[in-house]
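Given next, in structure tokens, is a single chain: the form predicted alone.
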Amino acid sequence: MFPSLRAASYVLVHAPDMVIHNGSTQVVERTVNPESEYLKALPNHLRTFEEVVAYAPNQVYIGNMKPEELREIKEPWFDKPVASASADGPMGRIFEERLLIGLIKACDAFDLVLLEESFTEEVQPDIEALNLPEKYKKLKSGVEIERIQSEIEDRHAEPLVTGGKVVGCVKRAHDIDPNLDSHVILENLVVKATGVLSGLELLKKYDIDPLSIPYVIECSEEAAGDMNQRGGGNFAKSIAEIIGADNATGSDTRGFCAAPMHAIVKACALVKAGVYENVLVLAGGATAKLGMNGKDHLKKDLPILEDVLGGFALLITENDGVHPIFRTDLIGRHTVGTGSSPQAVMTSLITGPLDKAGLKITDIDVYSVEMQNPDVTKPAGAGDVANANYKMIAALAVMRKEIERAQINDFVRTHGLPGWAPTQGHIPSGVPYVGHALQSFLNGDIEKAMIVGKGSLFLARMTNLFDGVSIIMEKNPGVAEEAGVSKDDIRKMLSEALRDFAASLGE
């Protein structure tokens, strides 16, 4: 029996001050050109929390709007706020930066985070409002701002800033280990905290007992470790601890942008094999990607649109006969020998699994590819990434004589979606649609969807290869239609066999 998708949640954290202080583009600019005109202009191009909430792609991300509704709004979208916008949605929530900073302290296991006294008191109610286990709801007492300034100026601590004001700092965890310096520790604590928010939202929205989760896979872009094991981890287990999943163990999966799809496949395999009855797949956000294309946006007098940290969580379970299934027998793979041309990549990920199932490209109702927001990518010169992917899929359909060339645009509209995900690397890669797909399957709107994740492995300077994985989701046909025998059937047959055996002895 194929595993089911039981639940999906999505979170965004508005982090304007982290754009300035922690985004890699800004960190590099401050290092090489501290008097940069770009850095001086940057604060005037930051959005308010209300503007971030009212931004249509963000409303799609947390489920208040369907992706298709973006087609009815003329691009660009940043200057067309959604009147009915809410920070809370059926699939997740948008949080403020100050709550994230408070949660970083709640997630701090080694007293590396110092928060100022008044800020600690101010953010405490926000932390208590989260559905954290009781032992994590009370923040440790804050300290004087002078202590924080001393750590920043004298001991290389990383400032924690919100509202343009220093409210805390993150201390380095080792004097000389670059993997444990304050900047890296902050990056990792942000991954952990946003992963915690994603997990908490899933548990809350679907009323799931955290004690029912035996395994967690974390699949963001950062890697936690020290000089002896730079990527040793473990984000997964550290997040499980904070969300109250006391019966869980877990591990991290890394694969740049494609990591979430690798994690989904691994989770499905573990559930299908009967190793675990359910697996939680989640990822936190990457501070390095904040304001990544900021220079291009400012050149065009746009706001900084890469001002949110993204996270998600998916619960994959044994087949329940109701929720959509992952077809573990229909997985697309970009192998070592596939080649790196766009056509080769898309052929391996799209037509490979379809051919195995005897399906046409047009048999898939919806494809979810790299769902980057075009508001972000177009001004940066990358074009409409999602649309380009859909046109490549349509071109494959033309080559296979499944559609006519004149039908390419119709195919894109029928089987594709506008991009809406923040450019957080791993976040846009297929998974933003999974939550929407869950509801569409349950509503009977679709029968089949393909989720596609791709990654660029050359970033690590280890190989020039690309990477990619895809999997087909289907409407659940119902347990009764699945081949095989249920546990109850086995018990009944054993009971009947024992009764017959006992009767034969009596004869």
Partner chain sequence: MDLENQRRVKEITEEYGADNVIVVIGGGEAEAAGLAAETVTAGDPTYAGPLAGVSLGLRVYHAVEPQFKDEVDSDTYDEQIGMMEMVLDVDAIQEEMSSIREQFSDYDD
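If you're wondering where the values come from, they're calculated on a predicted model, not measured in any experiment. Numbering follows the first chain given and starts at 1.
Omitted here: the form predicted together with the partner chain. The next part is about that form.
Colleague: Which listed residue (M346, L186, C107, C268) meets the criterion of a heavy atom within 4.5 Å of the partner chain in the predicted complex?
Modeller: By the 4.5 Å heavy-atom cutoff, the listed residue in contact is M346.
Colleague: Among I145, L99, A87, M392, which has any heavy atom within 4.5 Å of the partner chain in the predicted complex?
Modeller: Exactly one residue meets the criterion: M392.
Colleague: Do A273 and the partner chain come within 4.5 Å of each other in the predicted complex, heavy atoms counted?
Modeller: The answer is no: A273 has no heavy atom within 4.5 Å of the partner chain.
Colleague: Using 4.5 Å between non-hydrogen atoms, is A173 touching the partner chain in the predicted complex?
Modeller: A173: no, not in contact with the partner chain in the predicted complex.
Colleague: If we define contact as a non-hydrogen atom of the residue within 4.5 angstroms of the partner, is M399 a contact of the partner chain in the predicted complex?
Modeller: Within the cut-off, so yes.
Colleague: Is P342 part of the interface with the partner chain in the predicted complex - any heavy atom within 4.5 Å?
Modeller: P342: yes, in contact with the partner chain in the predicted complex.
Colleague: Heavy atoms within 4.5 Å of the partner chain in the predicted complex: which of the stretches 156-164, 376-384, 177-185, 317-325 has them?
Modeller: Heavy atoms within 4.5 Å of the partner chain in the predicted complex occur in 376-384.
Colleague: Three residues, A388, R405 and I408; all within 4.5 Å of the partner chain in the predicted complex via heavy atoms?
Modeller: Affirmative, all three are within 4.5 Å.
Colleague: For a quick check, can you give me the residues of 261-300 that have a heavy atom within 4.5 Å of the partner chain in the predicted complex?
Modeller: Heavy-atom contacts within 4.5 Å come from K300 alone.
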